[in-house]
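Next up: a single chain in C-alpha cells, the form predicted alone.
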C-alpha cells in the first residue's frame, strides 16, 4: 500500500493508522505546514489493510453515536477551579471522578519545550496540566497503545481530545471488552492550527523579549469569560522575568484563518452525533437564555452522548452545578455543531509568502 489517504483534506492526523499497523510500517511525519501525516514505508508494508480499516475518516459512520445527546449547562462549584479552567471547569469534574477511582486520565499538555503532546496523568497535579485550551494540534505519539496497555492492566481510563482523536481511539481499541473501562470525552473543536506556526511564534516571542519562554496560557481569565473575549488573554512568561500578553497567534488563527489544518474544512464531526461518551465546550450565549447562569469565570456545556457517558456524568455531578437545557441553544451558539470551518480563499497565498519570505514577514502584515 502506498498511502493511507489520497488528499490532505481526508486525513486529520489522529494517528490511529500509525498505532494499529502490525508491521510498524507507518510513521507520522510533518508536512511543509507542520501537520502530521502518516507515511508508509513500503518495504515493511504487507498490505493487510489494518490502517484504512480503522481510519475514522474512511469508516462508515466515523464511530459516532447515533442517538440524540442530552445537553446540560454546568459550572464547577469551586471558584479556584473556575479561575484555572478555560470555561466552566467541566473537564476537572469529569477527570476527578476517574481519579477518585484510581483511574488514568489522558489529555493534551505542554512539554518542557512548550510543544503540545498527549500525556498520561495519575495524580491531580498531573491532571491540572491538562486543563486550559491549547490552540495547537497535539502530538499523540504512542498514546493509543498506552491506553490499551492501561486497560489491559485493569485501569479505568478517561481520554480527552479533539473529535477526530476520539474517533481514532475508538477505531484503534475496537469492540473488545476493554471498552467497558474506557471513557472518551471530546471537545467542540473550532479547528486545528499548525504546530509549525506555533513553533515560529514561540521563537518570535523569544527574539523580541531576549528570554526563553517558560510558560504560556491561552484564554487566561485576565478577561471575563465571554465569546467576545475568547480570542484574548494569551499570556506568556520568560526566564528573564517578563510577563506579557500578545494576540498575534489569535489573529493568525481566527482572523486570518490560514493556519488551519486542511481536513478541518471537511470535518466529519461537526454535528450532534459524537464519537465520544461526553462532549464539553463553552456555553456561549447562556446569558441570553438564562441570565442567572452566567458567571464571569466561565460556564460549560456538556453533551451526554451515551449510556456510559450518563454514568460518568452522574459520578462527577457532585463537583458541578448543572441543569438540563434545550439542544437548540447549543446548536444556535456553537457553529461547529452545525458545519465545518471554512478555509480562507487566500490560504495558499499565506503559505506561499511564508515559505518565500519567512514568518516575520507574514505576521508583520498583521500589524501594518
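Residue numbers count along the first chain shown, from 1. Owing to the predicted nature of the structure, the values given are computational and were not obtained by experimental measurement.
Keep in mind the form predicted in complex with a small molecule is missing from the figure; the text below concerns it.
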Pick the stretch from 155-163, 286-294, 203-211, 243-251 whose residues have a heavy atom within 4.5 Å of the small molecule in the model of the complex.
155-163
Residue (of 148, 268, 190, 170) lying close to the small molecule in the model of the complex, criterion heavy atoms within 4.5 Å
190
Check whether residue 107 has any heavy atom within 4.5 Å of a heavy atom of the small molecule in the model of the complex, and answer yes or no.
yes
Could you confirm whether residue 90 comes within 4.5 Å of the small molecule in the model of the complex, counting heavy atoms only?
yes
Taking the small molecule as it sits in the model of the complex, is residue 322 near enough to touch it, meaning that at least one heavy atom pair lies within 4.5 angstroms?
no
Look up in the model of the complex whether residue 300 has a non-hydrogen atom within 4.5 angstroms of the small molecule, and give yes or no.
yes
Taking 116, 133 and 280 as a possible spot, do all three reach the small molecule in the model of the complex with a heavy atom inside 4.5 Å?
yes
